[in-house]
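This document starts with one chain, in the form predicted alone, laid out as structure tokens.
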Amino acid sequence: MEKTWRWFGYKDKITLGMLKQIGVEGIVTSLYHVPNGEVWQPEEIQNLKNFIEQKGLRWSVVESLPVSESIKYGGADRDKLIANYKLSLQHLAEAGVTTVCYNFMPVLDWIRTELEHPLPDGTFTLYFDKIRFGYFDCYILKREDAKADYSEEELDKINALAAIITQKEIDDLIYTIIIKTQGFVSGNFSDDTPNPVALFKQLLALYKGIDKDKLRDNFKYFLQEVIPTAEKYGIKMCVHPDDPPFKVLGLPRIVTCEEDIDWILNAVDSIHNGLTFCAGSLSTGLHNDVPALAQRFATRTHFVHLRSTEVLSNGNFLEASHLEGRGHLFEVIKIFEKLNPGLPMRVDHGKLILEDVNKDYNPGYSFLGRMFALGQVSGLLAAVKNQASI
């Protein structure tokens, strides 16, 4: 596997020189400053590619070329936005950047309720607390029919939390779910967004009446338009699984399991319509056998995210060590190295350790924590290689 790293552009505190020193080979990045839906211009793509290559690295994967919300819910301007998307793909291919990771998650790219959950060893990790998320849903958003998504026992705990939660905890929950985990990836929110809860509700309202079947229809429409362009220019499109892989806030999720992935890959049956295999996202669904999914979809995978999670009995989950948890990364690596070797791989969602704390890195994208994870995964890769040669 090619060892890649998600890098957030020219202003990233983690420099390309630092990454070269720790064994990174390829860069995963995006034109983060370009608003969603606008065309990526050739000059900007080429300038970024040249900057990366001057440091002795290569631009291996685009993550992400965002799919605008209007494409997902089927807005009146979706054809124009899809045309812009296809032109951006053409420009990327002409610059020699041909692997594009994206997602089709409505409104939320990913969800956590705590960004610095303390662990017994003194480090910190990302955490999802179902009851706190339920409080956000029922008491902050006050979403219609929200209570139907929770059991009576869970509602009792949500109501008990409502009686004791502080204003600071409420503010932190809003900031974590709406802004901090979304602002650097979705483009919908930023630190200076006025009244983020109101904007969040507006985005949710756009999906009123959009169920799983309708979202699938819109996704298929997108694929039927985009994949011929990908085929023409040699682009490998790879959709990222939903994180977490289950329904939230009444929004449908359509990349959650084997049946979903199978449907997507058959919606437009082309090698250019592929998968980003995220062991972490898939492992948060207890319905998923991660190695079995790797085995089933290895040949249609173009990009791999290696991380793992631990799911607790109450439905909460946290990022686990890259050597532990439900991701079973050793088995996953063995499968990909056998069935589709040489794929770009990046470690994901490293813990906060040592001097990472208080550096204000994007959540899950610390330096030392990911470097430690890269060391662990490099050991797994070496073990797989050595095992294969015996």
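All figures in this text were calculated on a predicted structure; none of them were measured in a lab. Residue numbers here begin at 1 and follow the sequence given.
Unshown form predicted together with ligand DNO; subsequent notes refer to it.
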| query | finding |
| --- | --- |
| Heavy atom within 4.5 Å of ligand DNO in the predicted bound form - the one residue of Tyr175, Tyr73, Tyr102, Trp263 that qualifies | Tyr102 |
| Partner-proximal stretch of 294 to 302, 143 to 151, 208 to 216, 104 to 112 relative to ligand DNO in the predicted bound form, 4.5 angstroms, heavy atom | 104 to 112 |
| is_contact(Asp356, ligand DNO) in the predicted bound form, heavy atom dist at most 4.5 Å | no |
| Partner proximity in the predicted bound form: Ser64 to ligand DNO, non-hydrogen atom cutoff 4.5 Å | yes |
| Heavy atom of Tyr365 within 4.5 Å of ligand DNO in the predicted bound form | yes |
| Ligand DNO contact in the predicted bound form: Asp348, any heavy atom under 4.5 Å | yes |
| Within 4.5 Å of ligand DNO in the predicted bound form: residues from 4 to 22 (heavy atom criterion) | Arg6 |
